[in-house]
Every structure is written in C-alpha cells, then in structure tokens.
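Below sits a lone chain in structure tokens, taken as the form predicted alone.
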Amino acid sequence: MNAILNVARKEFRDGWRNRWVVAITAVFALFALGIAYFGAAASGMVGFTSLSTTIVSLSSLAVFLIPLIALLLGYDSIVGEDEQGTLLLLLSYPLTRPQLLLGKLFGQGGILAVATVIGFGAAAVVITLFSDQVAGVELWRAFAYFIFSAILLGWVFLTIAYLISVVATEKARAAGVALLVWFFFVLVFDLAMLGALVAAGSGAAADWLPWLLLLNPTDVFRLINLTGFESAKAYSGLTAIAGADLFSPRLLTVVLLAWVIVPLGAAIWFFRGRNQ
C-alpha cells in the first residue's frame, strides 16, 4: 500500500507542478458559473432559473470536457514512461505493475477529483449566495450527486486511457487512439443509437435499445443526473429512449463503477504481459 501511495503522491505533485489542477479547476469553474448564470439566455432570461435546468446543462458540459481531460491526463502514463526510459527504472523498485497503475490512478484521479469538487462546487456556492429559488439542502444534494458522478466519469476515461497507454507501442499512436475513443463515446455512439431507434420503430427490437445505453459511460452519467428531476426529462433525447423509470440511480451508479473497474482490470492484465 505504501508503494501505491508513493506513486500517487508523485503523480499528484507532478500534476500540481504542471498546473493541471489549477487549469482544470479554472476551466470547470468558469464554464459552470457561466452555465449557471447564462444557461437560459436564449429564452431571454439571465440568472439562475431552475435546479434541473442547471444540472442538465452542467451534465452536457461535463460529458464533453471530463472525458477529454481524463484521456489527456492518462494516455501517456505507461507508453510515455517507456519512451522516456523511466519505466524500466520504476519497475526496478520494489513496485509491482498493478501497484504502479493503481498509484497513477489514485494520483491522477485525485487531480480530477479536486478540480471537479472545487470547479463545480464554485457554481453551487454562487447559486446558494445569490439565488433564493431553491432550498440549500436540495441544491447541495443535487450538486453532491452530480460532482460524485462526474468524478466517476473522469475515472472511467482515466482507466480507459491507461488501457490505451499499456497496449500502445508509441506515444503518438496512443494520443490518436485516445481522441478516437473520445469521439466515439461522446459523439458517434449517440448518433448510432438514434439511428437504431428510428430503424427499430416500435418493434420488439426497440425494447433492447435502452439497455444499450449502458454500454456508453457518458450516457450512464447523463441518465444518473436526469433520474432525479421529472422536469429534466424533456431536455434530453436519451430519456425518450430509456423511459422515465427504467433505470434507478443505484443501478446506474453501479454500472458507472463497473466502467471504472473493467478497463482498469484489462489494463493491469495487458501490463503484466507487456515486455517492459
């Protein structure tokens, strides 16, 4: 356990030294505050409108930003160390390969967690101070669940980045695959699902389509943050596919946790078979 914590501390210090924590926090805070205040500007309203609208808008923002940032953080974690010649040095220490990956996950995952809590938490603080349209307990409960699920989403793509980094033989190739993964999960998958929905119509095949949403962690994240708001269901085409009460928040959270564990397990398995 000490070995894992040592690697985690090193990764977190490196992220702090490279200003990753500050940069990610600033991006999250600026966008979150902008969405919380100007989210309804298109309808002629400025300022905080409703909790459901804010959470839905922040979820859409998080789906684009968090996976990309997580992939950028982790895509070169192993292949980059290999190209720099430091991987052999790290493995010469009393440190197993699973411990190295877990240490990197805790360190870089800590960077994402701190940035997410501070960045999105800033929006909750501002809304609490300057809006009286929602009770403080309700606001913080919704934001706490949103932030928790956003951290899990970041860890999902961080473990996917490790899997890419372990399998790739070149850093440039790992970067390209990471971008393709982001493009597929954030954009292509939903377009394919909508096409399948249209093709299936109201037949028996359409009954299986909602369950296919669980194959995309970004859709699971969206659904987690929509299930608690009846009024939010009109803002997302996903709920038209999934239905109002098909998935419980507990089930969706377990699925998102599984999306963290499975790529991490695959990365550890491939890392053990890697030459270096």
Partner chain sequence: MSTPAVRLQDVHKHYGSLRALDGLSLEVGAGEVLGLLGHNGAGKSTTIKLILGLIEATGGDVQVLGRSPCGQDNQKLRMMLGYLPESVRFYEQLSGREVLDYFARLKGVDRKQGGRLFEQVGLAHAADRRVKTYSKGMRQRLGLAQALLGQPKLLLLDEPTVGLDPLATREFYQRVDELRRQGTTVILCSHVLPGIEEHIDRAVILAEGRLRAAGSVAELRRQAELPLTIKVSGRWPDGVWDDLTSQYAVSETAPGHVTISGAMASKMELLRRVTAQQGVEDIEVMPPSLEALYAYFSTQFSNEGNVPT
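Numbering follows the first chain given and starts at 1. This is a predicted model, so every value here is computed, not measured.
Below: the form predicted together with the partner chain, not depicted.
**Student:** Look up in the predicted complex whether Thr96 has a non-hydrogen atom within 4.5 angstroms of the partner chain, and give yes or no.
**Tutor:** Yes, contact at 4.5 Å.
**Student:** With the cut-off set at 4.5 Å between non-hydrogen atoms, does Val198 touch the partner chain in the predicted complex?
**Tutor:** Result no; Val198 lies far from the partner chain in the predicted complex.
**Student:** Taking the partner chain as it sits in the predicted complex, is Gln84 in contact with it (heavy atom to heavy atom, 4.5 Å or less)?
**Tutor:** Yes, contact at 4.5 Å.
**Student:** Might Thr169 be said to contact the partner chain in the predicted complex, defining contact as any heavy atom within 4.5 Å?
**Tutor:** The answer is no: Thr169 has no heavy atom within 4.5 Å of the partner chain.
**Student:** Counting only non-hydrogen atoms, choose the one of 177-185, 145-153, 85-93, 119-127 that falls within 4.5 Å of the partner chain in the predicted complex.
**Tutor:** Among the listed stretches, the partner-contacting one is 85-93.
**Student:** Select from 51-77 the residues with a non-hydrogen atom within 4.5 Å of the partner chain in the predicted complex and write them out in sequence order.
**Tutor:** The stretch does not touch the partner at all.
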